[in-house]
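First, one chain by itself: the form predicted on its own, in structure tokens.
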Amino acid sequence: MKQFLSLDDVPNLSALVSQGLQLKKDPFSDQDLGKNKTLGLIFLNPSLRTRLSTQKAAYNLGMSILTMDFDKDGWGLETSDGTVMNGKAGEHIKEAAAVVAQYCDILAIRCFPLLKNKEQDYAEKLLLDFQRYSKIPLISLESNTLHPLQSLTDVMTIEERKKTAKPKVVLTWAPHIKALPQAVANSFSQWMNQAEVDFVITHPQGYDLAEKFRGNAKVTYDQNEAFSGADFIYAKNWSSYESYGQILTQDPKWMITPEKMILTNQAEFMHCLPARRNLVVADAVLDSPQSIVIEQSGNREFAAQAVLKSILEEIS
């Protein structure tokens, strides 16, 4: 694998999932693979699981790590061509990406959208500019529109815990106090469309995801209908794609409760975290044996390791 920006970069989904689960059994089997190799991590917004799991994955492979919070420690980045840089931005992305790339063998970046202009956000200019100017393998740690490392983790988690050959997986919208990106929901939908699952998306009207990401999923505005017979419930908030970036409702009836979970086939509850308790999901669900969010989070390490291993094998 030459880069990891989306599912489109994965030659064989099943093989990558299997590799991740195998690495979970023996994390230190390839420590020589990353010897004398450096991973650069660039963050433009907060991170807990993504930062720590990717660092740990790199250590497992024997890599060195450079981490920088560009939003706090770096110069403000200019991304426009031909601009007169007399504003807040102190450095152009052309130089910043090229300089960082000199110190690293693989670069990984995390950024969020502004949720003000759909066309600009979905163009992924910052991510693609880093790809263009760094000229080394690039990994998305979440972008404006997608979170592929989280989605690989989710597929791995479902694969290792499923009780039927083709489980019913439900992605459900849940309330939140602020507008959030569609990235996790987009990415989860993209990956579920390629996995061996019966995939359903449920949300209030006005929250339909972009067609290219929701794919062939069944979409319903009836959460109870969606939950019926489900094997996995994946809760996530996202702002409207149609009325871009807006919160159209904060209906508390969409929170995941024990009563909702009773409708399922003893489904396991998933969430990418952090989860706002008693807003997105009730304590009684998140603290129950049905909740696998901690196990799911643990798989982030091995998803990242599988991706890094695949890229290291390509460049070694």
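Start at 1 and count along the sequence shown; that's the residue number. These numbers come from a predicted model, not from an experiment.
Below, we refer to the form predicted together with a small molecule, which is not included among the displayed structures.
Colleague: Considering non-hydrogen atoms and a 4.5 Å limit, which listed residue (V281, L61, L39, C272) is close to the small molecule in the predicted complex?
Modeller: Exactly one residue meets the criterion: C272.
Colleague: Which of these residues, T157, Q182, Q150, T172, gets a heavy atom within 4.5 Å of the small molecule in the predicted complex?
Modeller: If I apply the 4.5 Å criterion carefully, the residue I get is Q150.
Colleague: Is T50 close enough to the small molecule in the predicted complex to count, meaning some heavy atom within 4.5 Å?
Modeller: Yes - in the predicted complex, heavy atoms of T50 and the small molecule come within 4.5 Å of each other.
Colleague: Even though the partner isn't displayed, in the predicted complex is R110 close enough to the small molecule, meaning a heavy atom within 4.5 Å?
Modeller: Contact check for R110: yes, within 4.5 Å of the small molecule in the predicted complex.
Colleague: The chain here is shown without the small molecule. Which stretch in 245-253, 42-50, 26-34, 64-72 comes within 4.5 angstroms of it in the predicted complex, by heavy atom distance?
Modeller: Selected stretch: 42-50.
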